[in-house]
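One chain follows as structure tokens, the form predicted alone.
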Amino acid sequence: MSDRRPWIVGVTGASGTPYAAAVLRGLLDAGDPVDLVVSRAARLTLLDETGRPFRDGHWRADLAGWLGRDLAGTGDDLRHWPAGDLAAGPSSGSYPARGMVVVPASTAACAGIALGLSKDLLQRAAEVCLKERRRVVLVPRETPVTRGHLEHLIALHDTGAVVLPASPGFYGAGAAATAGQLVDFVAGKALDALGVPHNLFRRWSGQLGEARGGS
């Protein structure tokens, strides 16, 4: 029996593929195995935001181009499951996943997971992790939100998920923060929620407030 226990990363069609890339890089840098599920809508968003395709038959090369790194040495530490494969490993509670992060999480995906629709493997894998009491982190990015969306997020919270909106903090770099730093802040918070070590942002220590004479 393999002792491989991966984090499942689900990428939906919401705008925000840089958040997904930063989380994936963080997990790989931490040496944790990863199972990737990219929805059909996410492939269109990825093409629109990066100009890069994501194809099942070429997923490793496409992912390497997206992340900007060589993945040749990742081997079995990195797996990909087609979103339409409802017989895939992560669809079962007996599959030894550590937990799951959905980043970015669209309103449709949040609703499907909250309602237990199992529309595709991404939704099914999240539902399985919730029922097995594994860590599930959802990173919604869309704004503004409707009452229905808020109700779905509350339902997910009550089921045990961590709802972590893509709301970057500016205290690390202030007004001079780059887009990359803001993306890394959100990705780092998602990794914090998973309990995965990283160095994606500078943590608050109180020293900035003291240096500025603040209380």
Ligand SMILES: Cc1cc2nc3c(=O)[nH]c(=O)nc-3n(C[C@H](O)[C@H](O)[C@H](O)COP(=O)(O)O)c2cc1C
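Because the structure is predicted, anything quoted here is derived from the model rather than measured. Don't overthink the numbering: it's just position in the shown sequence, from 1.
What follows is about the form predicted in complex with the named molecule, which we do not show.
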Q: Taking 4.5 Å between heavy atoms as the contact cutoff, choose which of A30, A155, A64, A41 touches the named molecule in the predicted complex.
A: A41
Q: Indicate whether the named molecule has at least one heavy atom within 4.5 Å of a heavy atom of D85 in the predicted complex.
A: no
Q: Flag T107 as yes or no: does it have a non-hydrogen atom within 4.5 angstroms of any non-hydrogen atom of the named molecule in the predicted complex?
A: yes
Q. Is P18 close enough to touch the named molecule in the predicted complex, meaning at least one heavy atom pair within 4.5 Å?
A. no
Q) Going by a heavy atom distance of 4.5 Å, is E132 a contact of the named molecule in the predicted complex? A) no
Q | Non-hydrogen atom within 4.5 angstroms of the named molecule in the predicted complex for each of G13, K119 and R141 | A | yes
Q: Select, from the options 73-81, 107-115, 89-97, 124-132, the stretch whose residues sit within 4.5 angstroms of the named molecule in the predicted complex by heavy atom distance.
A: 107-115
